[in-house]
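Next up is one chain by itself, shown in C-alpha cells, the form predicted on its own.
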Amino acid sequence: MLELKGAVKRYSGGGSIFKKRWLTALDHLSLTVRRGEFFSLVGESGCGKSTLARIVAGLENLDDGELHFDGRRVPDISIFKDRQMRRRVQMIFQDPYSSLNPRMRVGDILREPLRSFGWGDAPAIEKRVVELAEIIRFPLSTLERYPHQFSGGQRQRIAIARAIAATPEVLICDEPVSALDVSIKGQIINLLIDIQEQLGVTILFISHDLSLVSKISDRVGVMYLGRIVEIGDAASVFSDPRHPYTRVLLDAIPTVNRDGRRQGAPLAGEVPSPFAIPTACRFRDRCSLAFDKCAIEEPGLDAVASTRAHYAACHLRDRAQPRKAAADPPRIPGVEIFYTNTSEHQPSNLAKETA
C-alpha cells in the first residue's frame, strides 16, 4: 500500500552563508507497509518518525528518494492537491487540544471533510455524521458542542471520526494516545482496532511505547537517527530482537513485579546529533557489542538467517541473543485494557452526562 525507497529529508539548521548546517531527519530510508495491516513505527524522540508521517500524508516533500502509494509513484506533494487522492490518506495528530478548530461545533467538524470530498447531498452527509457519532459512541446531542467542552480523550475520538469520515484507505496515527492517561489510552486503542476491522483500513501507527505496540501490531519497524534498523513481524521482533538498539529499548520498558518493585534499565548514552550522524554503524557509540567492523562498514538492512520475515541492520544479526526472563512474571501497568472489546466497555461519562 505504501512504499518508501531511499527517502531523504533534511532541514536547514542555520550556519553561515558560505556553509549551511543541515539536520538529517530521514537518511536513505526504505520501508514497505502492506495493505490492510497494522504497522507500527517505534523509536526515541527525534529519530524521524513524525517526519516520515508528514511525508506519507503529503504535508511535506522528500528531498530525495521515492514514495509509492498503491503502486503509483508520488513525484511530489502536488499530487495530494487532488482531493480524491488526499481523501485516501488521512492523519490523526498527537495533540487533541490543538488539532480541532475551537470555533467549530463537533457536527460541523465532521461535516467539513464530507463536503470537501464531495460525499453527497445534505441528507447523505447528515446520515454519515450520525454513523460517525455511533462509531465513536457520542450521543447526537453532543454534536452541537464545541471542542473545549470535551476532555482530551473525547477530543481524540472526534479527531478519529473526522479522519475516517470519508473512508480513507490509509490512516496515519502520530502518537495519538501519548497525551492521554492510561485508562483513556486503552479505549482509544480499542477504537482504532475496531475501525481497522470494520473498514479494512491500513494503519501506520507511530509511538515510543513498546509495551503497547507489541500487543496491537502486525509488523513493527524500529527507527534510529533517520533509518530503519530492524523490521519484522511483531512477535518475532519482540521475542527475538536482532539489533542491539531494539534489545535495549525492550529492556528499558518498566515492569512491576509481585513485590511491587519496578524494573527496567534506562537506555545508556545520548543520541548523537542529527547534524553529525556517525559514520558506518550509527549506533556503535552506544552499543555494548560494537567491534572494529562497526566503525568501518555500515551494516545493511538484511534478512535474519533463520527467517525471511525479519530484517536487522547489524553485523551480528544472525547471532541470537534472547532477552533474560524476569524472576517473577512481569506486569506492564495498564496494558490489560488494550485487549478489552469496546462492546464490553462501560458507558462513558459523556454518555452518562447526556442521558
Partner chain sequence: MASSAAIPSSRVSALVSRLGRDPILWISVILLVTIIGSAFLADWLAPYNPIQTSLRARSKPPSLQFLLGTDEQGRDILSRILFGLRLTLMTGLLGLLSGLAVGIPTGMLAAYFPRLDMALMRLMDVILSFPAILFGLAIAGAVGPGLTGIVISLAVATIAPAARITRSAALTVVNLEFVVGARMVGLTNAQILWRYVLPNCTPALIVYSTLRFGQLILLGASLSFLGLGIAPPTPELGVMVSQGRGLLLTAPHIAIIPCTVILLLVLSFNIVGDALRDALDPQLRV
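Positions refer to the first chain, counted from 1. Predicted model only: the values in this text are computed from it and were never measured.
This next part talks about the form predicted together with its partner chain, which is not shown.
Contacting member of Gln196, Ser99, Ser178, Ser211, with respect to its partner chain in the model of the complex [4.5 Å, heavy atom] = Of the candidates Gln196, Ser99, Ser178, Ser211, Ser99 is the one lying within 4.5 Å of its partner chain in the model of the complex.
The unique member of Ala303, Ala290, Leu316, Ala57 whose heavy atoms fall within 4.5 Å of its partner chain in the model of the complex = Going through each option in turn, the one that passes is Ala57.
ask   = So in the model of the complex, does any heavy atom of Gln94 sit within 4.5 Å of its partner chain?
value = Output for Gln94 is yes: heavy atoms within 4.5 Å of its partner chain.
ask   = So in the model of the complex, does any heavy atom of Glu112 sit within 4.5 Å of its partner chain?
value = Output for Glu112 is yes: heavy atoms within 4.5 Å of its partner chain.
Partner contact for Ala280 in the model of the complex: its partner chain, 4.5 angstroms, heavy atom = No, Ala280 stays farther than 4.5 Å from its partner chain in the model of the complex.
ask   = Any chance Arg73 has a heavy atom within 4.5 Å of its partner chain in the model of the complex?
value = No, Arg73 is distant from the partner.
message = At 4.5 Å between heavy atoms, only one of the stretches 136 to 144, 121 to 129, 104 to 112, 242 to 250 reaches its partner chain in the model of the complex; which one is it?
response = Stretch with heavy atoms near the partner: 104 to 112.
request  = Note that its partner chain is not shown here; using its position in the model of the complex, name the residues of 157 to 193 with a heavy atom within 4.5 Å of it, in sequence order.
outcome  = The one in contact is Arg162.
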